[in-house]
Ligand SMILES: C[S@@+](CC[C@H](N)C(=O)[O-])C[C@H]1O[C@@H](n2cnc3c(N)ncnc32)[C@H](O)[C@@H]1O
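Okay, so here's just one chain, in structure tokens, the form predicted on its own.
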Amino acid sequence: MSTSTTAVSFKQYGGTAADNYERYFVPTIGLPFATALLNAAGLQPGERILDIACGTGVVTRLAAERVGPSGTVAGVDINPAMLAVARSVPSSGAAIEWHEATAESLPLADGSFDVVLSSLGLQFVPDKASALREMRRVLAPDGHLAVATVGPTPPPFAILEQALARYVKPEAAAFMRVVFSLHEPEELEGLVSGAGFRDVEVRSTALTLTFPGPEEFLWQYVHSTPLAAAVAQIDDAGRAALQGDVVIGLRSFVKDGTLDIDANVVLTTAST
């Protein structure tokens, strides 16, 4: 494995954050979490599904396949660029409607869905209590909620967080902390039950995420997230130092040329 700071570089990765999210984040992180979430949700053919903070739509499309042509599926995201990519990716099964909106104010009718899903998004919502009340509002009687979050911070991501703090700026490291900020069962149970849900259950499942290598992991992750703008503001020497630290720190997690990271998907399920 090469540890050269010039073999893979920040500038090698172009495209928009939304394009990069679909190209790099979804296959390595988004898809494994989406699969775990959908397995927990147990979708049935013909159901009406809502995906909150859908991003480029990996959960939304998989849900459409599972409920089939007799079902209906909608995806909601605050980011128009993410939704533009979501609309461009082919899907099968149920037809999908896409909505640009916040999780705290859904432009959808009361009781209009059987299942509400959200993967790796709730931790970023400013008012989680309001968002969960909205999810409860749009669910039909005997409806179901399934949310996937992640945490605590896996050691490789802690290494990345420390390097970002050292070479970029505190706000970059703070983004990493938010990613892994919503995983404590007591907090999740309190939020979900406080929004009026019943039968709340929180459980964790271990996943192994596989990346092509530390350099690729670093720059693909950066370019798929808001970190790209912050890293673009430092000079080449700073980016080389950032990469060098991350590559050295992640060396022990590399097996047969790939970077394997163990993470916990935290699955919260509930009923109306």
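Please read these numbers as outputs of a predicted model, since none were measured by experiment. So that there is no doubt, residue numbering starts at 1 and follows the sequence shown.
Keep in mind that the form predicted together with this ligand is missing from the display, and what follows is about it.
> Can you pick out, from 173, 125, 108, 159, the residue that has a heavy atom within 4.5 Å of this ligand in the predicted complex?
Flagged contact: 125.
> Can you check 54-62, 205-213, 40-48, 243-251 and let me know which stretch has heavy atoms within 4.5 Å of this ligand in the predicted complex?
So the stretch in question is 54-62.
> In the predicted complex, does residue 114 have a heavy atom within 4.5 Å of this ligand?
Result no; residue 114 lies far from this ligand in the predicted complex.
> Using 4.5 Å between non-hydrogen atoms, is residue 101 touching this ligand in the predicted complex?
Heavy-atom contact with this ligand at 4.5 Å: present for residue 101.
> Does this ligand come within 4.5 Å of any heavy atom of residue 134 in the predicted complex?
Residue 134: no contact with this ligand in the predicted complex.
> Does any part of residue 149 reach within 4.5 Å of this ligand in the predicted complex? Heavy atoms only, please.
Close contact is absent here: in the predicted complex, residue 149 is far from this ligand, nothing within 4.5 Å, heavy atoms only.
> Taking only heavy atoms into account, state which residues of 58-97 are within 4.5 Å of this ligand in the predicted complex, ordered by sequence.
Residues within 4.5 Å: 58, 59, 77, 78, 79, 82.
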